[in-house]
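Given next, in structure tokens, is a single chain: the form predicted alone.
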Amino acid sequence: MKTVLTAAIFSALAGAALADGHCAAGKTLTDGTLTIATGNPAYYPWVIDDAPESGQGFEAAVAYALAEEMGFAADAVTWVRTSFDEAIQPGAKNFDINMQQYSITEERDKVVDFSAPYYTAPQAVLTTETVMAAGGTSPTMDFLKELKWGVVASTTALPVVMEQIQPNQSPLVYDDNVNVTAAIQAGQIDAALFDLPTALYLSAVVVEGGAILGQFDPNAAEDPDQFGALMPEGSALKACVDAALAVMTENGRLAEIEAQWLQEATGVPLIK
């Protein structure tokens, strides 16, 4: 009861803070404008057709809902592009917030600021139809241990593979998603971990004969992979962003957007 009451009080206070219209005043790069960064390119299902200004796709939709909650009209939102790695480096930024599936980690939080989470991503196993056929319809941990794994060094996949799956062979480490998916395609590895929406995209568009073997329950994880809006270190906008997200969580807006743009993720079996 205490936790629920605390959440309700915080949401009410957040709503009051936003209602006065001064939450973001003087705290953005350009007064009266919210500058949001995304990837170059930005991919489905986060952004549809690489056009964030359309508001189509999960992160694009969250961005406009967040901007609205903070008092910015749609035409007061400006989009810029950054690479994934560029944005998490120390130094000046060309954006107020960056939404590019950034997992909130202690190491990154030392050089940039993160908002409260806007999405808790289950980890999913990207593989091929051939490997999936060998695992059956209900993949087990024993089967996963036998696979040859690949991971991207800069993501949170490596600790998940090593701590949760504990494969019999050491995973191969790659620089980026392109090299991992190429390794799956070439048969050099059997599987790799990605957040579920990314795995869905890769299996449908990038990996020929790609398939999703299963997903891990994010609620069962001790340290679930949560995405936050990235901001420059010491951003004066952080409290305003967090307040807006608290309201969107409490009133169900975030859940509605997730259901609309990530609903196809349902149906991927849980790995037990």
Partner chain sequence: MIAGLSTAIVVVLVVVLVPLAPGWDAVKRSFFDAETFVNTFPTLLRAFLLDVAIFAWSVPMIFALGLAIALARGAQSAALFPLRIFGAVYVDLFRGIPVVLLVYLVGFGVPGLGLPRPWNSPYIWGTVALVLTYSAYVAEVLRSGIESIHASQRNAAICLGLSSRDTMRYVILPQAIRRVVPANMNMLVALQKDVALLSFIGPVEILRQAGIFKSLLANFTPYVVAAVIFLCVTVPATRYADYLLNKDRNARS
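All of these numbers come straight from a predicted model, not from anything done at the bench. Numbering follows the first chain given and starts at 1. Each form is matched to the other, and the largest set of C-alpha atoms that superpose within 1.5 Å is called the rigid core.
Beyond the structure shown, there is the form predicted together with the partner chain, which is absent from this document and is the topic of what follows.
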> Among 77, 183, 80, 116, which has at least one heavy atom within 4.5 Å of the partner chain in the predicted complex?
Replying inline: 183
> Considering 121, 189, 161, 144, which brings a non-hydrogen atom within 4.5 Å of the partner chain in the predicted complex?
Replying inline: 189
> According to a 4.5 angstroms non-hydrogen atom cut-off, is residue 175 in contact with the partner chain in the predicted complex?
Replying inline: yes
> With the cut-off set at 4.5 Å between non-hydrogen atoms, does residue 171 touch the partner chain in the predicted complex?
Replying inline: yes
>> Given that the partner chain is not shown alongside this chain, does residue 202 nevertheless sit within 4.5 Å of it in the predicted complex, heavy atom to heavy atom?
In response: no
> Using 4.5 Å between non-hydrogen atoms, is residue 153 touching the partner chain in the predicted complex?
Replying inline: yes
>> Is it true that 84, 89 and 105, all three, sit within 4.5 Å of the partner chain in the predicted complex, judged by heavy atoms?
In response: yes
> Does residue 152 count as moved between the shown form and the other one, where moved means a C-alpha shift of 2 angstroms or more after fitting the rigid core?
Replying inline: yes
